[in-house]
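Next up: just one chain, as structure tokens, the form predicted alone.
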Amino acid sequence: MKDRYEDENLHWIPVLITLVILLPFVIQGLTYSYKYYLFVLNIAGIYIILTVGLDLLSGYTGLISLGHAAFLAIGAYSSAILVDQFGIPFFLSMIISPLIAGLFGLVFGFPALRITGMYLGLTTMGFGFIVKRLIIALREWTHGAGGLDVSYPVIFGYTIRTDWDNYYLIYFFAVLAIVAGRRIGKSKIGRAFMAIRDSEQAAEASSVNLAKYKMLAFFISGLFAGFAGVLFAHTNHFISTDHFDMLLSIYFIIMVLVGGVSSIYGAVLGTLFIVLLDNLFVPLLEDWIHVFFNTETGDIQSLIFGLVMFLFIIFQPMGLYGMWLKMRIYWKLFPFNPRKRFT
């Protein structure tokens, strides 16, 4: 029987796509700082692609990854080197670079065959440090810790130079990533992922090949992260090891948790919430503290993110998307004593 939390009306999706198309025009009409807001939205769109893949790995399959910033870096540096140093067209790099990141994910899926939980998380954390050292060691191509300038993306002879153009490029692929993530989650592959997450013993008894699907989960997640890395490199126009530190991987986990694990829409909502919180609310709060208390704020970002994650885990473990579904069900059943439906 279909679970009530999966009873969703999809008629609002065309409305949402229309909103995404019109949003830059609305922002331009409301503020003179629309370029900054467009840049923030572009970063959110890139991270959405990555967190959709991370949700398939950690939310659907239950495999914790604290090294997804490394997959983002692999996609970014691969595309920058292929396009600017080997002369490969950007459109072709959007295929090759995610495959390279996916292959790294496939190789890195081997530890998941023997370890799970906290130990797997620590192992993936080590993978992030390895990739960072590789970037520094391969300085002939990557320029080491000094960073690497990246060219503008060129598609069918058209050079994308502005944040406005980048916005439509990024969100076109973000929508495709969401659709692909939804299709994977509803497919046989997604059901196998969830079976592994719920009970590996029961999944194996049901003829689910644990090795195959665990490695496939890492490969798919690496593909999404690598594609996000391609867009990140050519949108930011400069990349360095500082862009892909350990905190960024934790950042992605927080996005998935806040949005709601094992929910593609939850990954989208969580990413938008955290990116907007980080780039709009945190700077505003720092200014208020500086003005009213005449003191420096220190690392208030980590404090706020830790507090947000703590509150969501305790009071709203289903995340933002789960909250939205509960609200929909509440009003759908109102006034027929809906509270009893959630006990």
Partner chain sequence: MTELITGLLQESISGIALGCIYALIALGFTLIYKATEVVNFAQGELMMVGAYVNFFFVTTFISSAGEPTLWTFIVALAGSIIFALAFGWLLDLIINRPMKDEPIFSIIMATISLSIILRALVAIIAGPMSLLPISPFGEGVFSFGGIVISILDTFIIGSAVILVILFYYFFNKTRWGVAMQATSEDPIAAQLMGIPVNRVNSLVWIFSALVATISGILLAPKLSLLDTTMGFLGLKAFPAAVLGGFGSIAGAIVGGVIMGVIETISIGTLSFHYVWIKEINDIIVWIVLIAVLMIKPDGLFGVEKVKKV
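Positions refer to the first chain, counted from 1. Keep in mind the model is a prediction, meaning the values are calculated, not measured.
Although it is not shown, the form predicted in complex with the partner chain is what the next lines describe.
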Query raised in the report: Among the candidate residues 127, 104, 171, 90, which is the single one with a non-hydrogen atom no more than 4.5 Å from the partner chain in the model of the complex?
Result: 127
Report summary line: in the model of the complex, the residue from 155, 176, 211, 115 with a non-hydrogen atom within 4.5 Å of the partner chain is 115
Query raised in the report: Contact between residue 195 and the partner chain in the model of the complex at 4.5 Å, heavy atoms?
Result: no
Query - Contact test in the model of the complex: residue 250 vs the partner chain, heavy atoms, 4.5 Å - result: yes
Requested in this report: Would you check, heavy atoms only and a 4.5 Å threshold, whether residue 254 touches the partner chain in the model of the complex?
Outcome: yes
Query raised in the report: Taking heavy atoms and a 4.5 Å cut-off, does residue 188 contact the partner chain in the model of the complex?
Result: no
Query - Which of 132-140, 78-86, 94-102, 215-223 sits within 4.5 Å of the partner chain in the model of the complex, heavy atom basis - result: 132-140
Query raised in the report: Using a 4.5 Å cut-off on heavy atoms, which residues of 54-71 contact the partner chain in the model of the complex?
Result: 64, 66
